[in-house]
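In the form predicted alone, a lone chain appears below as structure tokens.
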Amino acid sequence: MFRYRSLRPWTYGALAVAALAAAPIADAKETKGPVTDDIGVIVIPKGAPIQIGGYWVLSGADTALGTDQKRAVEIAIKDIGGKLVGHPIKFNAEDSLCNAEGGQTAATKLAANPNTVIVIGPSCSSEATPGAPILWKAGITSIGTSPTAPALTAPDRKPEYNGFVRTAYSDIDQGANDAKYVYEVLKAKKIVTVHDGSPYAQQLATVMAANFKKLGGTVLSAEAVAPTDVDMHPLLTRVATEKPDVLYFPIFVAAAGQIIRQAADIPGLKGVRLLGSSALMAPDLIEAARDAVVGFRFTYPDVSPEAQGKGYPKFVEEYKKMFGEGPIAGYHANAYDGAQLAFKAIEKVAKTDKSGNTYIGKKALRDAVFATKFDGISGPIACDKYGECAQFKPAVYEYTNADPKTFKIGVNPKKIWP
């Protein structure tokens, strides 16, 4: 029988944070210098920096996810010489912790700066859900670089998300492809899903389950954990009694590592395939799961060089030169393209007077972001009217070594499908 576990109280708290930030942007039409804009004009005096904001998870178990993307934006800034429309770039990055409270705090800091022109990020849907409305209320467009929750770019999204786009895909596509892989490749007929209450995990698990049922499979139950849960034995024991073919848990590193390690302690899970998803491309997962990580599979966008845009190999070489190592997670190309999208849109709308002062209309910048199209290093970038700017390319990766030092995308973990 299908069973759905109720959400933890902190899930409702996250939703409440988003609701508090949901007031629509106020009418603030103004004219400054040569620019008139419906929601405001940013003035950058001659010689002053143009300020670009960013927010990602930069601490904790999922640090690699955000740090990888922040580094990509730093490379993009370097690639344009550190200047934009005649002004040096000042990059203000905040740690948003991959949770609702962190997203709210980081977005509030960035929105409080009247000189923030645009914001790149965040990495997690939990951050974007409260963060994007806060920024748009201040007239600041934001470009998500890996938050994939379907609701963020859904046709029925609320007006407070009108200033948000993303250079990552929607989990509408990820979920459909995950279901297809599980049903057609793994030949699974029965599954149990696990989410952690976050917008990303909950929505992806829901989409995957719905598609799996359409294909003819059975979803035995939808379980829930907290990101901070340590003892997974009760959950795993309960799952074992249901006898699934696959346990599908699109959650984050800390909780996923516990499940992977502790599953070996449950005799009834022998032969049950464990399958994670796109938050688990990180050396931190190897540390969290230890020896049990070997053979663990997770679904992910295809980030092999042949699946990326033409400029990707050059980017990787720059990454190694700047940071002394290769990419440490999988969304760096999306973040680089997010920065490129921001820069190109700013160049379209910025106007500079004879004195060297630059003026940028906030609504004009938002519209330019939606209208800008180019071939990025992650693939073609072209936003639809709901802010979806990228396409999903499915893949499955498998860890091959339990030493975190061997982490290298394409080797450990290696792509095993398609």
Partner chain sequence: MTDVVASRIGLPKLSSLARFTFVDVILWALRLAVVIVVVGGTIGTLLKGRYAAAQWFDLVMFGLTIGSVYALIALGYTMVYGVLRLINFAHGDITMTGAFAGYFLASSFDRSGLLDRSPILAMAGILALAIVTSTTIAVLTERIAYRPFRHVRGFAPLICAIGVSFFLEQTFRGLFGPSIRSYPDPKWQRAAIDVLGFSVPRVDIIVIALAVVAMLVLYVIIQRTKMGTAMRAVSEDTDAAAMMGVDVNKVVVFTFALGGAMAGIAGVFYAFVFKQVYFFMGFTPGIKAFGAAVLGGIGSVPGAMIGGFFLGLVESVGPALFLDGIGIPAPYQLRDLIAFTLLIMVLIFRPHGILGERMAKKRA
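Numbering follows the first chain given and starts at 1. Remember, it's a predicted structure, so these values are computed and weren't measured experimentally.
There is also a form predicted together with its partner chain; it is not shown, and the following applies to it.
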inquiry  = For the three residues Leu58, Gln262 and Asp265, which mark the spot I'm curious about, does each lie within 4.5 Å of its partner chain in the predicted bound form through at least one heavy atom?
reply    = yes
Contact with its partner chain in the predicted bound form, heavy atom within 4.5 Å, among Val207, Ala138, Ala224, Leu274 goes to Ala224
In the predicted bound form, the residue from Asn115, Thr218, Thr228, Ser304 with a non-hydrogen atom within 4.5 Å of its partner chain is Thr228
Contact flag, Pro130 vs its partner chain in the predicted bound form, heavy atom cut 4.5 Å | no
**Message:** Can you work out whether Asp173 and its partner chain are in contact in the predicted bound form, taking contact to mean some heavy atom pair no more than 4.5 Å apart?
**Reply:** no
(message) Within 4.5 Å, heavy atoms only: does Glu242 come near its partner chain in the predicted bound form?
(response) yes
(message) in the predicted bound form, does Lys213 come within 4.5 Å of its partner chain, counting heavy atoms only?
(response) no
Of the candidate stretches 74-82, 340-348, 122-130, 280-288, the one with residues having heavy atoms within 4.5 Å of its partner chain in the predicted bound form is 280-288
Within 64-100, the residues having any heavy atom within 4.5 Å of its partner chain in the predicted bound form are Asp95
